[in-house]
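Have a look below at one chain only, the form predicted on its own, in structure tokens format.
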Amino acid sequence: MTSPASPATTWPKKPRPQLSILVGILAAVAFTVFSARQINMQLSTFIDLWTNPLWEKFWPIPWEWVLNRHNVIDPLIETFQIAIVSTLIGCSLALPVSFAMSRLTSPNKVVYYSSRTVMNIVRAVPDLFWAKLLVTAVGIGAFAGAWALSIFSLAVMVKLFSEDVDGADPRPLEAAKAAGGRHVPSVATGVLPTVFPAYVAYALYVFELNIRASLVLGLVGAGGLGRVIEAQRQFFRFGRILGILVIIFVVVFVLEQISVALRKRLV
């Protein structure tokens, strides 16, 4: 007895690309080419970059100078101090501001729209401008850098954490208010416990950003290791700069691995 023949396998037809997608891709490519021509971008520039004689000044690295405590280690410690202080200040201020910016936990529309407007203005100003402004106001040094990065930390943390608060489960908050709780205690008991692990994870991420950003802010006199890099750049001591960059790479890599491991445990 023969079994009936199995029906032939039919594969679904590959969908044809929509005309709007093709037009969008062509428009993006055309605008990219147009923009490259407007800024005089040439492929030969990338080749000429590697034949620049200044590359010879990056080697050898004077490790005896780089590993000197007063030259690099002390400014590196100052960079850590700036990052730690600014992270604590910025993230602490971001906690109540994030709840005020969330539709779920904001007490009223006035607080919601005013807090979002203020933070949009703060976020629109680059951290380098804040550093330049504060250096002019309070003087060159780590104090100006710490305040500039505190504002930067606040802006970044509020943007990330308020979105997590928006996505939190509203039922515990509704239950707390239905039981007669006031707004702030209800938020503290109904929403904060569910989003607090994300808050800690974002704080660790902001600390990583502050380590990198403090190097850039140091170029404008805001303290830390960036000021050392700028001083060496002015005298074309690129070998010392390369040694500093190697140390920065190792430190940032270690911090990132620790931060990733901690975030995996929390989230």
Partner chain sequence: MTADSHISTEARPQRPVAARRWKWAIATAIIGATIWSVSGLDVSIERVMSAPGDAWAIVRLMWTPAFSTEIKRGVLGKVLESVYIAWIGTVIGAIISLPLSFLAASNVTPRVVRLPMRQLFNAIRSVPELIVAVILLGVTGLGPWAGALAIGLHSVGTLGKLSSEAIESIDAGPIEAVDAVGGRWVSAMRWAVLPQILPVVVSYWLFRFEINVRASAVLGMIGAGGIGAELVAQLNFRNFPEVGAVLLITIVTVVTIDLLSSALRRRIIQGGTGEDRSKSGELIDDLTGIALG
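Positions refer to the first chain, counted from 1. Values in this document were obtained by computation on a predicted structure and should not be read as measured data.
FYI, the form predicted in complex with its partner chain isn't displayed, but the following is about it.
Segment that reaches its partner chain in the predicted complex - one of 83 to 91, 96 to 104, 169 to 177, 185 to 193, heavy atoms within 4.5 Å:
Within 4.5 Å of the partner lies stretch 83 to 91.
In the predicted complex, the residue from Leu219, Ala198, Leu204, Val66 that sits within 4.5 Å of its partner chain by heavy atoms:
Of the listed residues, the single hit is Leu219.
In the predicted complex, does Phe235 come within 4.5 Å of its partner chain, counting heavy atoms only?
Result no; Phe235 lies far from its partner chain in the predicted complex.
Against its partner chain in the predicted complex, would Phe129 count as a contact residue? Criterion: heavy atoms within 4.5 Å.
Phe129: yes, in contact with its partner chain in the predicted complex.
Using the partner position in the predicted complex, report whether Val252 sits within 4.5 Å of its partner chain, counting heavy atoms only.
Yes, Val252 lies within 4.5 Å of its partner chain in the predicted complex.
Is Val125 close enough to its partner chain in the predicted complex to count, meaning some heavy atom within 4.5 Å?
Residue-level check for Val125: yes, a contact with its partner chain.
Within 41 to 55, the residues that have a heavy atom no more than 4.5 Å from its partner chain in the predicted complex:
The stretch touches the partner through Met41, Gln42, Thr45, Phe46, Leu49, Asn52, Leu54, Trp55.
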